[in-house]
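First structure 1, then structure 2: two forms of the same chain, each alone, as structure tokens.
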Structure 1
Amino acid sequence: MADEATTPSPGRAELEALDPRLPLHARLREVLVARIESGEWTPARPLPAETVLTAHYGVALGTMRRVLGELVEQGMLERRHGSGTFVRRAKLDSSLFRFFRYGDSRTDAPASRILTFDQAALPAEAAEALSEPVGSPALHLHRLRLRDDEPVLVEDIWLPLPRFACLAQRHQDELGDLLYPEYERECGVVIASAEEILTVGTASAGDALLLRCRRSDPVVFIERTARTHDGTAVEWRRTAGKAADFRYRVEIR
């Protein structure tokens, strides 16, 4: 059965404007991905119902379901039982703690104490990760993460301006323990994925003071680059934790 609408559909022109050599489902996927990447749909508001999208683009229901299913499998969308289909946000808030012993039996995020929150020039490492010029304006958060009032991690977080200018108006005491919901709520920035790199070094004087260890003690550094659905790097952070608390576990099958 042909995927053609019997009456003109408002979104059909978008599909026909794309390369006609592509199958219809591939063109439909491209159009839906563009709407996701533009921020038109968010994790807080469901996509229109399948029947509504089907009518809008003038395609068969089976074609729409196929494309939405592919986007769910690829991690761009998620289905919530009884609520609908939503843009998926990355579940990264506790990912760092799978590497540390104090994260073994606790899944809640540790408390956050922001030590400084101000505008600063991007250093070289952050600028490279964010594809921004060195020295360009950014927001810098320096914070301590704690478990039961014991310091466990020190973080430096860099956010490029003007994308995060809305956060610059907030006082540091207004920011919660979890930053990604703040990015989404205040700036419309949805973190979809992240890359983490682990290295080992020794504690700097500042890190040693905050982590209550000696300056010569080994420290694990985790560098994270977080990206939106269109692949744009929007956050770079460097986290330091005592190597004595670090563990690495991987299952190989």
Structure 2
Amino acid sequence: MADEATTPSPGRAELEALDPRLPLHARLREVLVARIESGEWTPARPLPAETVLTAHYGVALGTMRRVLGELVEQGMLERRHGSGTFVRRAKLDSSLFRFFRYGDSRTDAPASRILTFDQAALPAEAAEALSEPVGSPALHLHRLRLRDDEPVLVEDIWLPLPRFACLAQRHQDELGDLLYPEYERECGVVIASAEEILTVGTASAGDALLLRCRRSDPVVFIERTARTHDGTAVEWRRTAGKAADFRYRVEIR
């Protein structure tokens, strides 16, 4: 009992141990981010309540709320009034369509058709993005994305193999339109963030055939590296779409 009185906030020592030149909220932030990245909490297992966390770390409610608010701002957490604070999964599977506009399409949901799904050696670009040796075993997914039955995007997706072994057994018809929920359910891999690089090039023979355009027609390439919460790159994909359909809008400040 006396012991409990002297250690009312077991986590406080952890904060004190960090660089004391940093403000408390910054140290608290570091610690919470580490716990989030560790996978301790999932969309199904929410964080402890504010009051529990504040008691654990021995900080004021305002300080805790500030940090949680920043993590929400940054897209790492999601708070639901009355029900709890949750780690947030990125929902960006069909976000490629942010970059393209297709004339008044009635059906909103973009369909996808998997063309090939096999095991193959990592090509140089994918290997570099995934920090794996060139030629390592990986899964390779080649698929077409359609809008109103019109082929509009061609995708090549690379998944490093030790990690995605559990997907290797699946048949391509068993995979849904959205891959990230699949990764999570089948392999326990939660995609948390991604980086996309856009460039303009010309269609390869294969792309031209699939996109029904001429070879050498301009094409926009989107190379995406997707990462888990701890920053490990676990998926690399290159998507190609006709440059004529490309339209991207940016708001500045």
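Residue indices: 1-based, along structure 1. Given the structure is predicted, the values throughout are model-derived calculations rather than measurements. C-alpha atoms forming the largest set that superposes within 1.5 Å between two forms make up the rigid core.
Between the two isolated copies of the chain, the form predicted in complex with the DNA corresponds to structure 2. For Ala17, the Cα coordinates differ by 2 angstroms or more between structure 1 and structure 2 after the core has been superposed. Superposition of the core reveals a Cα shift of 2 Å or more for Gly84 between structure 1 and structure 2. With the core held fixed, Gln169 shows a CA shift below 2 Å between structure 1 and structure 2.
The two forms line up on their rigid core, and Ala60 then has its Cα shifted by 8.2 Å between structure 1 and structure 2. Comparing between structure 1 and structure 2 on a rigid core frame, one finds that Arg27 has its C-alpha moved by 7.0 Å.
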